[in-house]
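The chain that follows stands alone, in the form predicted on its own, written as structure tokens.
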Amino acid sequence: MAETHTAICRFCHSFCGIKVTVEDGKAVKVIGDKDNPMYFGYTCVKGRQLPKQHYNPERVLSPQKRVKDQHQRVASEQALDEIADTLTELIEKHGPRSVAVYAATYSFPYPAGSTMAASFMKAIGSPMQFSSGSIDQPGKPVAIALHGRWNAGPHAFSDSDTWMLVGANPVVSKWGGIPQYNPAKRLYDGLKRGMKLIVIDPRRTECAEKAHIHLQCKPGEDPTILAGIANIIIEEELYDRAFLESDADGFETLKEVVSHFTPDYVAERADVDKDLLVEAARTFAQAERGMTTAGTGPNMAPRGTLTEYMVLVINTLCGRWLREGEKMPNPFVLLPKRHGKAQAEPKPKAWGYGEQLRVRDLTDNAGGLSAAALADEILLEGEGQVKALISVGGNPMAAWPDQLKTYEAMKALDLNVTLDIKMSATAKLADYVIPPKLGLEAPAISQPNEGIWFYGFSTGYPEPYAMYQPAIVEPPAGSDLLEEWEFFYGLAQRMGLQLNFAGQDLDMVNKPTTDDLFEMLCTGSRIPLDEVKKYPHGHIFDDPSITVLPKDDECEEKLDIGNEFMMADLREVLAEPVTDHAGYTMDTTYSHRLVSRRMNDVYNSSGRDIPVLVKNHQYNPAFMNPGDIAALGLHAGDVVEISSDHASILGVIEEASDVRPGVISMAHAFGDAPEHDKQVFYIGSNTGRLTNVEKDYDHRTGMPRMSAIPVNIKRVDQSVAAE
């Protein structure tokens, strides 16, 4: 007999509220939950494939151990025993720093796992904790550290009359400014009430099609355009003078530097229409409410931190922060109450503290240790060399930059462990593959999407929403699966470690439940977890009495819009030739710039083994403007070699009139190890291979150029792409 359960979709970071039909103990159907007050019945094509993900024939259902280049099934207890013994030996011989953890995108929906991983690393004394955020958008937290955080938070999308998206397409990516909780509906509602959308993007994206103004710029020129917009706002005195006088520093410095980014200069350099640029600045500044936000693409392009900083500068110039007496849009639910004040917070150090990496003079920073340096830390011999890597919810072979170096690093490890649901490109190289439970097989809470408010402004829930989901189905019969937290807890037990989880010591004899851990994560929350559990469709725990408090009398903190490091970066931009595309490498011998993109039917390296999600193509097409394709004598479906100054990949040409001339648009995190390159029609190709982590990188965060990459293209024999 069929039963229907409400649940939290964990295919991606959006956590959509869904309804799951269960028959004979198996999930058979997923639809959106129309009674969910945050998502309004929305779910995407990926979420509707959760049953296929759970019962995929390629899913790994028991731990795998590498034996003579082959993986063999091993019991989870044996795997934990052996991994714990090896880690103990490595730590005794090489020290705690020899062990590193990489927590990636798929660890985010499982907060007990990521917290337990951090607890384990602290217990062994290793500082080597890395996350995918450091190769995605480290510029966001670093820019906030330089500019300052407004304690009360930004204007909400729901009552804004303008919004500016910089390289963001939230209706597909579910990230970048429009709340990712049914973003298409939220954009529709905003436009219907008269909101004017401004989009800066080399592609005419789904959001750009709805925009009042679309600046279809050269890739990598986001800092140029934003500085130009800031200049127009200042020159035309469209800024919020009172707010700047009371709560910002650095105006005169900013004014002097951006004065060189005239409309003529920006139009020539970024190849945008000057009149549209001026109109964009005026439209944004003359509105009453609304924010500027940036997406993954500009952060992966050169000077991502500067882009994010200039986004904050424009918001501050226009005073787009919540003021005393305004309602707090989200005072949190499963976190302690956030009762914001109308003031700037003390600024943390942006970089130059914590662990000193052994390469490129990189240190810890507000975006975390640079995962772009982790392959070097594995390969570089000597004291402190990383000998063991545990990857949680990630696929370094697909996601890390400089794939060829990553490949060598994966093979060089003394112990390579990955927690993954399938034999990914990384899992194939691992010594142990530990398969975790999936979203419907374990309890869930929505708390992670409250916490990302601290990562960057205009992220997290726009209202005080929360939801809990119990386990809905049992794991497949005969499987041997662990939740991520169970893996680290089991290692700690075997290694005689005491774990401190969310500030509380764990009982290391009597194993906790996931719900026990959730209670610990929600300690001191505004609404108790037990209360949230009463609402199976999720609930908005509104409290109009929670408003923005006045500034403290003794508060002297101000937002910094003339930061010395960022102004120096802007001067470096001005020193570059105008005749070429933006970036650190000014080589005109490259015909195109390759930019990153999101696709609706995949999520990073996930979803490629689900038939419905690959019905259009299993690979990542090299999307190009039809005029470019014709000029090069190419045709859709042709296989081409795409070459940077570092490496080459194969690509399959596809026409896309939304891509501006001179640009190739490809998704990130496809492909496999080099020996599988000829399978380009089936696995795609890895754009990260084109990136050199030792060149064209942010010297503070280690973030290399992963978008706006200068490349050349040439046709290759079709047989090259066929085995």
Ligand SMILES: Nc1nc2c(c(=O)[nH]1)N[C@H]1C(S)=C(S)[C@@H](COP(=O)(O)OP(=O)(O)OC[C@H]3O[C@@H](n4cnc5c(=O)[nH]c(N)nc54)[C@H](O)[C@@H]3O)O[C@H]1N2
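Counting begins at 1, following the sequence as shown. For clarity, every value in this text was computed on a predicted model and none was experimentally measured.
Not on display, but discussed next: the form predicted in complex with this ligand.
Student: Might Lys52 be said to contact this ligand in the predicted bound form, defining contact as any heavy atom within 4.5 Å?
Tutor: No, Lys52 sits far enough from this ligand in the predicted bound form that none of its heavy atoms falls within 4.5 Å.
Student: Does His155 reach this ligand in the predicted bound form, with heavy atoms at most 4.5 Å apart?
Tutor: His155 lies outside the contact set for this ligand.
Student: How about Glu486 - does it come within 4.5 Å of this ligand in the predicted bound form, if we only consider non-hydrogen atoms?
Tutor: Judged by the heavy-atom cut-off of 4.5 Å, Glu486 is well away from this ligand in the predicted bound form.
Student: Give a yes/no on whether Trp175 approaches this ligand to within 4.5 Å in the predicted bound form, heavy atoms considered.
Tutor: Yes, Trp175 lies within 4.5 Å of this ligand in the predicted bound form.
Student: Could you work out which of Thr205, Ser370, Ser98, Thr293 is the residue within 4.5 angstroms of this ligand in the predicted bound form, going by heavy atoms?
Tutor: By the 4.5 Å heavy-atom cutoff, the listed residue in contact is Thr205.
Student: Work out which of Arg323, Lys422, Lys210, Lys337 lies within 4.5 Å of this ligand in the predicted bound form, going by heavy atoms.
Tutor: Exactly one listed residue reaches within 4.5 Å, namely Lys422.
Student: Give a yes or no on whether each residue among Asn600, Ser606 and Met706 has a heavy atom within 4.5 Å of this ligand in the predicted bound form.
Tutor: Heavy-atom distance to this ligand in the predicted bound form: all three under 4.5 Å.
Student: Look at the stretches 515-523, 102-110, 341-349, 554-562 and give the one with heavy atoms within 4.5 Å of this ligand in the predicted bound form.
Tutor: Only one stretch passes the 4.5 Å heavy-atom test: 102-110.
Student: Heavy atoms within 4.5 Å of this ligand in the predicted bound form is the criterion; list the residues of 372-394 that meet it.
Tutor: Those in contact are Gly393, Gly394.
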